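As a starting point, one isolated chain is supplied in structure tokens, in the form predicted on its own.
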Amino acid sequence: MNLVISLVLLVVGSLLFHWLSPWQLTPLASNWGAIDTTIDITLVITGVVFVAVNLFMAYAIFRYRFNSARKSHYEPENKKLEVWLTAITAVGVIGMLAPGLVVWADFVDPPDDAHEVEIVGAQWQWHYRLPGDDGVLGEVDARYIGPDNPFGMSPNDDAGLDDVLITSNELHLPIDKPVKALLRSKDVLHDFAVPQFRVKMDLVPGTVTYVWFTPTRTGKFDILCMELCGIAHYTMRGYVVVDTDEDFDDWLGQQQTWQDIQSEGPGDLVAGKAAYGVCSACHGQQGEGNFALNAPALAGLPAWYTSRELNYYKAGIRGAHEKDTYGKQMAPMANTLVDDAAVRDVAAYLESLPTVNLESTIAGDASKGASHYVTCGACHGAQAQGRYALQAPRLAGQSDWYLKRQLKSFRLGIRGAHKQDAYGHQMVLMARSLQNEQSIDDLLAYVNTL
């Protein structure tokens, strides 16, 4: 009898949980309401079967419970029952699959007026490319990818010169305009998914997949990677911002084209040395850093990383938190670099400086730190040499006291809290895997050996 009661309570509890649960599908923000309909149909069919099977089981257990005065009837076959069960099962399976096939036929058939947008996935970032005035996306190829060409734009295709390249994790789209999203991966399997749009599709290295949708309401929506793509898979987040036509045009006009990026050219070392004069008061003539002034070593840092952080300071992405005392000091200093060219010049000059041997200031157990560093090494490299592809700077040879302060700031949300600091947000989640200050000391003691 206990089993009978348990089965009945299981059915009643499941139904109540479904009807009263606060967890529902996210509000629809695209044209794919048909996908919700197929989900509802599947829930109804499987729900009816779940209730029927469990209640029948409860009835059978109760009705045919043990009775010493009763002998069981043995019936090895019942063709009539088998026909009914096969027919009912077939109808249920068809009822679940047929609507999905109809929706899938539409899902892979974008309208002729859909405008194309390329979405590029890489561990653990989202980047985007939009066609320029010609309405055509230029040719790309993996062999062209590098720090100066993150999208792999072909130098032989003029159609790509006006392509708009978005290296942040935020994509803007106009409302009520169909979009065909071309999906490309630069490394491993990823999966592009926006829950509110009901779209989800794999990014497969070596090929281009696609989805299409029409945004139907303005707002900001999460882009998730729903394919296990590595150790920081859960931090691979992006955003789609759906704008009015006017707001979208304003945003698009502020973005750089491939031709704009090419015209910037490399940093000027002579100009960078002159501009660095202000910085050297704290960071040293050779970028060696100064512990007394809380100024870390900068010599030898990759130009792409230094440029990014200086621009973050200038834009208020870094140095804006009320508890970031040293960041607040850096922000006005970064603003002495009047334009992007000055930032590139200083970054190039610092990269050209020879690295210096820094004394260790951290006392920790390097053998324990080696196990902590396994996670860090997935991005920063086995020898902490840094990896441009993962936007992870070099850690080896850096000021350990500064690295400790940054790890603590990430853990406390002082750094990486700004909504536009995508890489900082990833570091917040990774830094919190270090359980306490001793873990940080052990980790940095190991980094000092590299």
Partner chain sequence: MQNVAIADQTVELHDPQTFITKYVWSQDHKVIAIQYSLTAIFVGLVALVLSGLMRLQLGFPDTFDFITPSSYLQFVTMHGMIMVVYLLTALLLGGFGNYMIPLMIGARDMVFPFMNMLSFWVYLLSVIVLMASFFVPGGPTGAGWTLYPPQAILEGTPGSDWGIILMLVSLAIFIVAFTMGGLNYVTTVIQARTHGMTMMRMPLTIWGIFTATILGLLAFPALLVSAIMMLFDKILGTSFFMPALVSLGENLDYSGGSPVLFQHLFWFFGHPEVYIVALPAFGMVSDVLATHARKNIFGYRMMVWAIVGIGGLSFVVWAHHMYVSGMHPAFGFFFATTTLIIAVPTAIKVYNWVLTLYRGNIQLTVPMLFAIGFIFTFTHGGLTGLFLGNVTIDLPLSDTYFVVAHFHMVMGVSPVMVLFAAVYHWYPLFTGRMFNEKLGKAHFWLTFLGAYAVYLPMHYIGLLGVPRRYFAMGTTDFIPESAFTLNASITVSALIVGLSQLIFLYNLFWSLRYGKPAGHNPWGATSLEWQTPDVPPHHGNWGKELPVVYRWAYDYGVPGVEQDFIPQNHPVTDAEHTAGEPEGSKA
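On a predicted model such as this, the values are computed, not experimentally measured, just so you know. Positions refer to the first chain, counted from 1. Throughout, rigid core stands for the largest set of C-alpha atoms superposing within 1.5 Å between the two forms.
There is another form of the same protein, the form predicted in complex with its partner chain; it is not shown, and what comes next is about it.
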- Item | Heavy atom distance at most 4.5 Å to its partner chain in the predicted complex, all of C282, W401 and L450 | no
- Task: Please determine, with the chain shown alone, which of 127-135, 336-344, 168-176, 207-215 has non-hydrogen atoms within 4.5 Å of its partner chain in the predicted complex.
- Result: 207-215
- Query: Of the residues E82, D148, E264, D247, which one places a heavy atom within 4.5 Å of its partner chain in the predicted complex?
  - Reply: E82
- Which one of L252, V278, L97, L161 is close to its partner chain in the predicted complex, taking close to mean a heavy atom within 4.5 Å? L97
- Should A274 be classed as touching its partner chain in the predicted complex when contacts are defined as heavy atoms within 4.5 Å? no
- Query: Taking heavy atoms only, is L434 within 4.5 angstroms of its partner chain in the predicted complex?
  - Reply: yes
- Within a 4.5 Å heavy atom cut-off, is Q196 in contact with its partner chain in the predicted complex? yes
- Does any heavy atom of V11 come within 4.5 Å of a heavy atom of its partner chain in the predicted complex? yes
- Query: Can you tell me which residues in 359-394 come within 4.5 angstroms of its partner chain in the predicted complex, by heavy atoms?
  - Reply: H372, V374, T375, A378, R387, A389, L390
- Query: Superposing on the rigid core, do we see a C-alpha displacement of 2 Å or more at L182 between the shown form and the other one?
  - Reply: no
- Query: Any CA movement of 2 Å or more for V164 between the shown form and the other one, core superposed?
  - Reply: no
- Taking the rigid core as reference, does the Cα of V208 move 2 Å or more between the shown form and the other one? no
